[in-house]
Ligand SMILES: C[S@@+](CC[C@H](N)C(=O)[O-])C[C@H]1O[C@@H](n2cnc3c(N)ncnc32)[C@H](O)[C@@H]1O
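What follows is a single chain, given as structure tokens, in the form predicted on its own.
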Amino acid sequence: MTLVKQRSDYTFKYNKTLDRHGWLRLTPAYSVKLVEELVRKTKMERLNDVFILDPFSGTATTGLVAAQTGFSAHLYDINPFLVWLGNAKCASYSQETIDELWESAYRIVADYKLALNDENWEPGIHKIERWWSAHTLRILKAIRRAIVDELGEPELNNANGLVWIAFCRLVIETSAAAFNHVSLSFQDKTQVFAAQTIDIFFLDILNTVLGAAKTPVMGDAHVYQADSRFLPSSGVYYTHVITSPPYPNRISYIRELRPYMYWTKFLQEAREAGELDWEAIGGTWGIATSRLKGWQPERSDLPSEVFDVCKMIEKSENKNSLLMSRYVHKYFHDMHQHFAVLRDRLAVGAQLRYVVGNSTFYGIRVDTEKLLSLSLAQLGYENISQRIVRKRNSKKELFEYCVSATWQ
């Protein structure tokens, strides 16, 4: 039996020091190395007219790798912050623009000190005192105001986004956020940073961001906001799909994105986070969980094996077994809907590669790779296969897979 390793190089950890891929940390982001391998395989399969689709853009890893390789790519995500971030990562920037942003940064560092004692805007983050000390928070609020005065609020397709990305990184670097687990947790105490220290942090981070932005992008990748279950027609028939959708494991992506989204005003209040998570496949944050109780499926043509595993979860002896059964049902229902709509967006012979992970509920294993493969087969896809990419943690049964298929 072949030993399957955890392969940290196939996780977000590999991305942290890689040019644009390391601008902002997001634990669920999949590995640049894995995407590069899949894109290289794309080059071997089809030398001409390659157009890549990623219907679950996330941090735009697929789009950036595709564009750096010289391909064209369209990406979709339901989260407006990720659409903004992805477009900033995939864009090309002139030396003149980078020089202008440096000049703006030095003015920001000088000007924010004049606003330290003002009543500056504060993000509506619940228990914000867990994140930053009062002193550090006062400095961050003043810096944000200076950035707005100098460059305006974050906007799509605007080079000023590079400064905002540096600010987002600064917000996390000065917070009590800890990344010792799969998702966000907190250190015991907040730190007090002197203004001079924060100045150095900010300029160092911006130097890293602008340094990576200097490298030109050969291809063209663009991120659009859309629900992957109802992909709009772009007039393009995609030759390849390379993506990593959410896993059915109840990890909420928006939970880790909240600090960035509040500081950039993509989120204003907690209810908006719950609404967005309800719209996302696999979302379980806040109201997304409570709404599962009243959810009714629109499709009944799912593979019977999906209903079998849902019944097993429902019959397990746990107070939340019915809720989790519905969660798993909705996940595979939504993915089935996605695969159904996707067919009309694909070129003949299109190659699909989905990086997914399995999960367990109350000791019952949910074989995501097998159930998604059954959905693909039921919808007319061909040449369906799965291979193990890596072991995800110490539990022997949890793995990450690459599910492949073709559309004829």
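Note that residue numbering follows the sequence shown and begins at 1. These numbers come from a predicted model, not from an experiment.
Here the subject shifts to the form predicted in complex with this ligand, a form of this protein not shown in this document.
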property: Site test, 60, 77 and 253 vs this ligand in the predicted bound form, non-hydrogen atom cutoff 4.5 Å; result: yes
property: In the predicted bound form, the residue from 90, 166, 267, 280 that sits within 4.5 Å of this ligand by heavy atoms; result: 280
property: Listed residue (245, 86, 248, 161) with a non-hydrogen atom within 4.5 angstroms of this ligand in the predicted bound form; result: 245
property: Region of this chain that lies against this ligand in the predicted bound form, out of 307 to 315, 121 to 129, 140 to 148, 225 to 233 [heavy atom, 4.5 Å]; result: 225 to 233
property: Partner proximity in the predicted bound form: residue 340 to this ligand, non-hydrogen atom cutoff 4.5 Å; result: no
property: Partner contact for residue 55 in the predicted bound form: this ligand, 4.5 angstroms, heavy atom; result: yes
property: This ligand contact at residue 241 in the predicted bound form, heavy atom, 4.5 Å; result: no
property: In the predicted bound form, residue 26 touching this ligand (heavy atom, 4.5 Å); result: yes
